[in-house]
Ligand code: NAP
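Coming up is one lone chain in structure tokens, specifically the form predicted on its own.
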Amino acid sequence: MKQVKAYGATSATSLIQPMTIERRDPRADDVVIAIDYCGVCHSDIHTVRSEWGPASYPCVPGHEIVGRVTQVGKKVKKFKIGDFAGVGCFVDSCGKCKSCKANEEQFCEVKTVFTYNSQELDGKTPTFGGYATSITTKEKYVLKIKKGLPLDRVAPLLCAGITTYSPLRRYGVKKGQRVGVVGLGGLGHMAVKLAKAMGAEVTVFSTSLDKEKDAKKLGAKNFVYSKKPENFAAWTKKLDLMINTVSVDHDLAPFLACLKIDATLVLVGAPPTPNQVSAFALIGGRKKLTGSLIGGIKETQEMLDFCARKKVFSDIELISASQINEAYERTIKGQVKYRFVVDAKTI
């Protein structure tokens, strides 16, 4: 075992603080990555504060990880020392079930081992995330990152990028279609960039009027101030797809009304309490309401390659590890454009 510097929480009410964790000695199929950057996802906050259920402590968050390979096991074929690599939201799965064989490891029917606040397949070894100086991961769950990319801006693609890319690809977004994006935060700004890169006309719906300029700068053609109900009228039955990134309680009916017949509203945000949905908001136009998680390793690699080709990267604010607690509070208040990224060299 190797001692590694990290930042994490010791309880649901404690601050994120320096600590030491253990990483396993690399196995034959393992890749060791010296972490350069790790994005701060809102789910990190929910998890360490036990807002999505009791967390296991100590809890070291972080699942938007990029860095350089420093060691490889003897059976590793895709990576060599010095390569750039990434680790996303999970680090293992059974590899044998129907979901795993379909490259949907995030839905493993036995156990998806998440990057942090989880246990390895042995059922007892805890996983620790990317607020650390290094990580050891099976080669199968490590992503290739092309040389020459801005690594700090690539890091959030490992969660925010794939979370929004996956439904856009699944529903076949292409040139000439109209896509709505609800919310313009860490997820929303990536949804705008990706939908635009796929050729869609993008409309942003936001409760913050001051985000209109940013929405247009990011690639949106239209902006709807969603605090005023009358602003929805012009968009009735106009959109082919909507990606809803909002993680607070809100009424879905006005957004469903914006969909064309048979069109879909995809939830990628996760409010702490259930949404109320009227049946009439769905049956009037055979509207579809669905959710989406992240993506499997194959789709995540596809997303990274797409972003490299199209030069689509996250808009970030780079912070030192000592600023994580402040970043959490600012994230909750929506005071970041649009993703905090921790410089792991400061850990």
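What you see is a predicted model, and the numbers here were worked out from it, not measured in a lab. Don't overthink the numbering: it's just position in the shown sequence, from 1.
The protein also exists as the form predicted in complex with the ligand; that form is not presented, and the subsequent description refers to it.
The shortest heavy atom separation between residue 186 and the ligand in the model of the complex is within 4.5 Å. In the model of the complex, no heavy atom of residue 316 sits within 4.5 Å of the ligand. By the criterion of a heavy atom within 4.5 Å, residue 46 is counted among the residues contacting the ligand in the model of the complex. Among residues of the shown chain, residue 159 is one whose heavy atoms approach the ligand to within 4.5 Å in the model of the complex.
Checked against the ligand in the model of the complex, the residues 270, 277, 110, 234 give one hit for a heavy atom within 4.5 Å, which is 270.
Contact with the ligand in the model of the complex, judged by any heavy atom within 4.5 Å, is made by just one of 247, 222, 118, 264: 247. Annotated contact segment (heavy atom within 4.5 Å of the ligand in the model of the complex): 291 to 299, selected among 278 to 286, 317 to 325, 30 to 38, 291 to 299. In the model of the complex, the residues of 206 to 224 lying within 4.5 Å of the ligand by at least one heavy atom are, in order, 206, 207, 208, 211.
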